[in-house]
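Single chain ahead, written as structure tokens, the form predicted alone.
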Amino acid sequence: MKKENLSNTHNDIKKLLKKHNLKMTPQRAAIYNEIVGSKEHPATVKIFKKVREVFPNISFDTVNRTLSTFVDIGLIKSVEYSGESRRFDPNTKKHHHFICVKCGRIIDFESREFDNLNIPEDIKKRYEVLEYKVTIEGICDRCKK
């Protein structure tokens, strides 16, 4: 799945930001473009370092808060797993992740079976399930070699 097919148009992003009373600043655009342009699911530190090349005065806190805002409004998704910092994904469509425990690579995959998992009745009765995703941890093909 190619990420460039999954990214929102510039106008879609501006509309979404405006809906949440936010402006499309050059810094926000740079942060978003860094995520969309990445061939991986970049971590906050990596995004910060790349954006800082263009905006030397931008702080880590600004990048971190912007990423959190993007997740909150549904512009991007956050990918978390044990032993690793939060990483980001521009693909907001339903999908799942395979995470290599050796190199940290995150691979997107789709699965109708995982999309249609039955949520246990006791969970459905006690909680309001908004979303679920499956994360598989293992050793990727590159690390197996």
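A quick note: this is a predicted structure, and the numbers were derived from the prediction, not measured. Numbering starts at 1 and runs along the sequence shown.
One more form of this protein exists, namely the form predicted together with another copy of the chain; it is left out here, but the text below deals with it.
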| query | finding |
| --- | --- |
| Site check V79, H97 and N118: each within 4.5 Å of another copy of the chain in the predicted bound form by heavy atom | yes |
| Another copy of the chain contact at I58 in the predicted bound form, heavy atom, 4.5 Å | no |
| In the predicted bound form, A30 touching another copy of the chain (heavy atom, 4.5 Å) | no |
| Touches another copy of the chain in the predicted bound form: R86 (any heavy atom, 4.5 Å) | yes |
| Contact of K23 with another copy of the chain in the predicted bound form (heavy atom, 4.5 Å) | no |
| Residues in 129-145 close to another copy of the chain in the predicted bound form, defined by a heavy atom within 4.5 Å, in order | V129, L130, E131, Y132, K133, V134, T135, I136, E137, G138, I139, C140, D141, K144 |
| Residue pair G138, G74 - Cα distance in the predicted bound form, closer or farther (3 Å or more) | closer |
| In the predicted bound form, shift in Cα separation for H96 relative to T69, 3 Å or more | farther |
